[in-house]
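Given next, in structure tokens, is a single chain: the form predicted alone.
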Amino acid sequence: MEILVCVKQVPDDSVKVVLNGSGQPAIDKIAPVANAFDTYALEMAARFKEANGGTITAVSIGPDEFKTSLKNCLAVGADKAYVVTDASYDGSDSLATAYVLSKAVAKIEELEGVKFDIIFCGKETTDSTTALVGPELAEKLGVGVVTCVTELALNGDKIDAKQETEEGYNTIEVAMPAVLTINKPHYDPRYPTMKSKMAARRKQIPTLTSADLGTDASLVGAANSAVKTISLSEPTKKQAGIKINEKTFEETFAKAMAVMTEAKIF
């Protein structure tokens, strides 16, 4: 079983992001971390490998510094890792990102002499939250996709995936190869051990560039992306509410109705 996990680095979402003087997110001093949903994807892939055997390869698009996070992936379940880095990819939207990843899939399969059975992605990233890269990658590869997966099981040459929806859950059977986007399961990602950390440090992480992938420059980067950012604004700050606590329920209710009537809420 050959498994690929796509991992994106995002600004630490525990840190409040504000706009700078140019109207752009001030994230220069916020440490990049692995996207939370991608860590769920890696953990689910690791558990699937432990149950069914196989090899996990992690891949990330970004600067060479992202190898640090990929080392962490190697310490918690991944067997191999690649970083895809090229200045021409900067500012790519989800469609361009999926295109680059599709080229990375083909190149890694060529280098490793394998074909990936399952490609795991987080259901979305915490910085853009489009939830589009996984389905778009499946379209580029011409394979099936199941989104928002919380559980999966091997069923012969197919996968039974439990999909979370707003109404409940679906169980979907999909043939391999397939792309799965992972929602938060009922467990948390594992922590690395000292032994796994030391082993990960010794592993090499190859770098792939646009020359290696053979990507078309007219399909990547901010200038060639279909989605354009017009402007950004910070969320409106919530105003303090009004506390109503009269002596009786009837008086409290009457006061609340009067306040809402005055504010023309209804």
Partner chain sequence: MSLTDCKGIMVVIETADGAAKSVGLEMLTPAKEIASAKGTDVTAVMIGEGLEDAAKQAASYGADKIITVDNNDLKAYSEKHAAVLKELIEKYKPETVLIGATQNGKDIAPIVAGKLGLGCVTDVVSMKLGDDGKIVFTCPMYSGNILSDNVIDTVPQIATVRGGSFKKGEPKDVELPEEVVIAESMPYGDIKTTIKETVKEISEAVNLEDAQVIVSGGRGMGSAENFKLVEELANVLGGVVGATRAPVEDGWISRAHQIGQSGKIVAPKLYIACGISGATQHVTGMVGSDYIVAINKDEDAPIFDIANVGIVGNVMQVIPAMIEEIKKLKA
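Predicted model only: the values in this text are computed from it and were never measured. Positions refer to the first chain, counted from 1.
Heads up, the form predicted together with its partner chain isn't pictured, but that's what we're talking about next.
Trainee: Taking the shortest heavy atom distance, is residue 173 within 4.5 Å of its partner chain in the predicted bound form?
Mentor: Within the cut-off, so yes.
Trainee: Do residue 142 and its partner chain come within 4.5 Å of each other in the predicted bound form, heavy atoms counted?
Mentor: Because a heavy atom of residue 142 falls inside 4.5 Å of its partner chain in the predicted bound form, the answer is yes.
Trainee: Do residue 238 and its partner chain come within 4.5 Å of each other in the predicted bound form, heavy atoms counted?
Mentor: So residue 238 counts as contacting its partner chain.
Trainee: Answer with yes or no whether residue 55 is in contact with its partner chain in the predicted bound form, where contact means some heavy atom within 4.5 Å.
Mentor: Taking the distances in the predicted bound form, the answer for residue 55 is no, it never comes within 4.5 Å of its partner chain.
Trainee: Are all three residues 25, 234 and 244 in contact with its partner chain in the predicted bound form, where contact means a non-hydrogen atom within 4.5 Å?
Mentor: All three within 4.5 Å in the predicted bound form.
Trainee: Look at the stretches 112 to 120, 99 to 107, 81 to 89, 129 to 137 and give the one with heavy atoms within 4.5 Å of its partner chain in the predicted bound form.
Mentor: Flagged stretch: 129 to 137.
Trainee: Using a 4.5 Å cut-off on heavy atoms, what residues in 143 to 181 are near its partner chain in the predicted bound form?
Mentor: Going through 143 to 181 in order - heavy atoms within 4.5 Å of its partner chain in the predicted bound form - the hits are 143, 144, 145, 146, 147, 148, 155, 160, 163, 164, 165, 166, 167, 168, 169, 170, 171, 172, 173, 174, 175.
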